[in-house]
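A single chain, nothing else alongside it, follows as structure tokens in the form predicted on its own.
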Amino acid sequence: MTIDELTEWFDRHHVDIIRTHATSLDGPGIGKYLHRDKFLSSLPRGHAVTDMALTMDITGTPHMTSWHHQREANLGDIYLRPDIATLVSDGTDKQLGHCICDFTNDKGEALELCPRSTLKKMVSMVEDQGYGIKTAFELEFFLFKESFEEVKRGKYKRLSPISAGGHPGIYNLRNSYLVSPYMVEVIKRLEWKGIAWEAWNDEAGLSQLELNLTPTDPVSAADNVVRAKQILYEVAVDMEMSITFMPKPSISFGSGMHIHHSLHHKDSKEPAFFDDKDANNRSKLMVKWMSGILKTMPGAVSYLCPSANSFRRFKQYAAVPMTVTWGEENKSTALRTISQSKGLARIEHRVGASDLNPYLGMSVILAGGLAGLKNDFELPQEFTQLAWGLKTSDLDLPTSLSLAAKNLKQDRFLKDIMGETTVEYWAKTREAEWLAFHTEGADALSESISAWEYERYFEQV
């Protein structure tokens, strides 16, 4: 839109304030509230923020021991460049609008560390191969009766779940009914902002819910995730409740973020993972694509499970993949393939934790698929039984921040596609997170969730 068209949009929607929105590497939303005049006058470059906005940990501590060649040497300004196509009005606050942004330098060049720009780069590389992508995310989270302030005053103990009878289940309609006032408000705000959804339901953990978003292109899908998470948080605050995307807030089931994706031929729009001439309906492209995702998975786990708490999910028979495996309609493997029909052909990646950055999580999956197209990897044999309770083997996924970071640093294929300096920087931030976990009061050997984890992750991820 031109400036005149934007002004007309602001007038028509009665919007006087714009909230810009980007994510730090760890995933929390960051941005500013701008008067419409400031927003307009800052275009096209966008408004300035400190370099630390992108390069800080989840508590706001800057990464001073890690550096990237694009970082400002004096911690100077970088910019949030608005993507005008994402501009929407709030619906609840009549004066407020929202706009997703990318991180750039003062020349308007995308920063390599920008999560959204990283995903755009991966999407462009796939498109260069002649394919488009559809992506869908499943969001899992826990909802509690107490407000965030009450949760903090109670030191995160004795939280009150919203559950009929106080027992966990799955798809329990009585549990769903009890949380429906909350979810009705969430859905209203999602729809106002144009975020399409497919379903929500009671999940396996006590007071755990799942929200499934509608498939779309990867960047829009990730945009929808960060917006949906903000909406889920805001509705909880407004209703004096609390939610958390902390992957493992209790000894109950943890929360993941399963990511579905498929490829289609750009010209014909025909599904590229489906081949009815194959006995299993899997195209050669799908086989090569999966071989790369599996080959790079031990390193990709670092992006998919970004926190110390993410790895507390890794327990046998707890719905979390433990091995580098794949299988048709097999929810115990890391990759679940759905190949029975042309319209449904896709891959579900089940490793990701609920606190992953959706831009980076999708990026590393696409990078793995691209590695499969570029290299002659052999696809491991399909796993047709339960992939839990197996003997220790080379198929085991890393189960700690440090092991995942080590695997990532050794993965030359992901470095080749995502960029060596970018991958190395991320790995160093995960090593810093691991060091903080081990030196700031957490007990890595304890089965109990530490106060350090609650204070660090419960409200921030």
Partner chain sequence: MEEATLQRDRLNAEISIVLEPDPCPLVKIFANKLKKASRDSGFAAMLKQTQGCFALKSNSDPQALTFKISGNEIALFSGIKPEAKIIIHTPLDDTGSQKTRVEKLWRHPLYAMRVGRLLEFSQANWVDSAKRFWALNKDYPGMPSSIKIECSDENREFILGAELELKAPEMTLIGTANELSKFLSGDTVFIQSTMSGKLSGTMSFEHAVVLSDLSLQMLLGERE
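Computed from a predicted structure; not experimentally measured. Residue numbers count along the first chain shown, from 1.
What comes next is about the form predicted together with the partner chain, which does not appear here.
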query: 4.5 angstroms heavy atom contact with the partner chain in the predicted bound form for residue 63; finding: yes
query: The partner chain contact at residue 51 in the predicted bound form, heavy atom, 4.5 Å; finding: yes
query: Non-hydrogen atom contact residue 295 with the partner chain in the predicted bound form at 4.5 angstroms; finding: no
query: Residue 72 within 4.5 Å of the partner chain in the predicted bound form, heavy atoms; finding: yes
query: Stretch in contact in the predicted bound form with the partner chain, which is absent here, among 380-388, 72-80, 358-366, 268-276 (heavy atoms within 4.5 Å); finding: 72-80
query: In the predicted bound form: members of 396-432 within 4.5 Å of the partner chain, any heavy atom; finding: 400, 402, 403, 428
